[in-house]
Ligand SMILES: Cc1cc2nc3c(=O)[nH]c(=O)nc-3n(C[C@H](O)[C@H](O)[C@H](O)COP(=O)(O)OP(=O)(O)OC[C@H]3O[C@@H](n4cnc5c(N)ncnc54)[C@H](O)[C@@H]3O)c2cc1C
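Only one chain is given next, in structure tokens, and it is the form predicted alone.
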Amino acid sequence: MPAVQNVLVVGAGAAGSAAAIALARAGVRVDLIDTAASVNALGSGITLQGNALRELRALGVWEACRDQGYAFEGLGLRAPDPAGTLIAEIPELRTGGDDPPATMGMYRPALAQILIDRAAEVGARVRFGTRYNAFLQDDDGVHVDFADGSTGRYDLLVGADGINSQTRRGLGIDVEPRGIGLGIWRCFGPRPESVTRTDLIYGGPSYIAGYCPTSEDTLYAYIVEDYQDRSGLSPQQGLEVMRSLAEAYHGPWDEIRDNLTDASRVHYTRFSTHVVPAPWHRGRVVLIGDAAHTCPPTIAQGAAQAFEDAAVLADVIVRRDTLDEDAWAEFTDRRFARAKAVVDASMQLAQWQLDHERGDVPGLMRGISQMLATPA
């Protein structure tokens, strides 16, 4: 019998949805809540490395994701010259094993909907537009007061409520995300026939210009710059800024830029990072995903690490009869050092960019990929 019988999962993003699926499928009663009115995935596209695809297969959603995504096996590097010259093609290590592809791009809202649908299918009770005001725990469980006046009692509360986690703050953990000095423009649009994988251009007036196919018909593209407060820009002004930055990049970028016409498809965010020191639990409340750790998207591991958190948490709970310190020690041993290594590597790549330093990018990426090839 699982160590817990009923669980409240706060946050219906990647970590929360995955935890809800894994626990509900094992017979645990799960309430999955989110403050958003409906499925709400910010951004445009997402790059999923092999270890993320391995977890999607374990959750029973791989086929649905594969049908809506775009799989590829390598990475291209282009020059910031008038032709966007291809200078290298780099095969990527299959961190998910021999079966899934090395990498897949996908429309982020589509992935979010697939995960929510799967959570409901396996028995989780999904409630959007729901928030809690407070929780109070004792040795046996957690009492939760919801904003609508209702209450609930749970054996475990899982805080998967993102980078600005209410649950993290409610536990009195004073770790907050910090900006690192970089900002990223992202857009979503039609896929040119020439775009069949992620290509990156380092240099030019911005740090990175890249793109990733997300389906047979779509892609998302991005440009990384020094972070600026862009909050005062209208959507149309944001579109114009991204088009202006894209003028310096060529090859497939010429067609991508010409298709950049929908201001609602352009978003700007800063790179942020934090890691909650181990352990990530306090009594019967635990943090996973962005509530516990975030990193710049320089190695595209945000969702993958969220999925791994959820998988390990569920595995520990389902295999054990008691949620005791031995169980929490196993969860910490399997997740903390691995997630921190990913954050540290992502930060190192970002710092090399800020310092205009080449660094041993292939060596760093090879080391991280080899670690991730072994399941958490």
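Throughout, we count residues from 1 along the sequence that is shown. For clarity, every value in this text was computed on a predicted model and none was experimentally measured.
Beyond what is shown, the protein has a form predicted together with this ligand; the following relates to that form.
- At a distance threshold of 4.5 angstroms between non-hydrogen atoms, Ser206 is out of contact with this ligand in the model of the complex.
- Although the partner is absent here, Gly289 sits close enough that one of its heavy atoms falls within 4.5 Å of this ligand in the model of the complex.
- Residue contact check for Gln351: none of its heavy atoms lie within 4.5 Å of this ligand in the model of the complex.
- In the model of the complex, this ligand stays beyond 4.5 Å of every heavy atom belonging to Pro213.
- Think of it this way: in the model of the complex, this ligand has a heavy atom of just one of Gly189, Gly251, Pro297, Gly76 within 4.5 Å, and the residue is Pro297.
- Of the candidates Ala311, Ala345, Val61, Ile33, Ile33 is the one whose heavy atoms come within 4.5 Å of this ligand in the model of the complex; the others do not.
- Residues within 4.5 angstroms of this ligand in the model of the complex, judged by any non-hydrogen atom, belong to 44-52 and to none of the other stretches in 62-70, 332-340, 317-325, 44-52.
- Shown without its partner, the chain has Pro297, Ala300, Gln301, Gly302, Ala303, Ala304, Ala306 in segment 292-323 as residues with a non-hydrogen atom within 4.5 angstroms of this ligand in the model of the complex.
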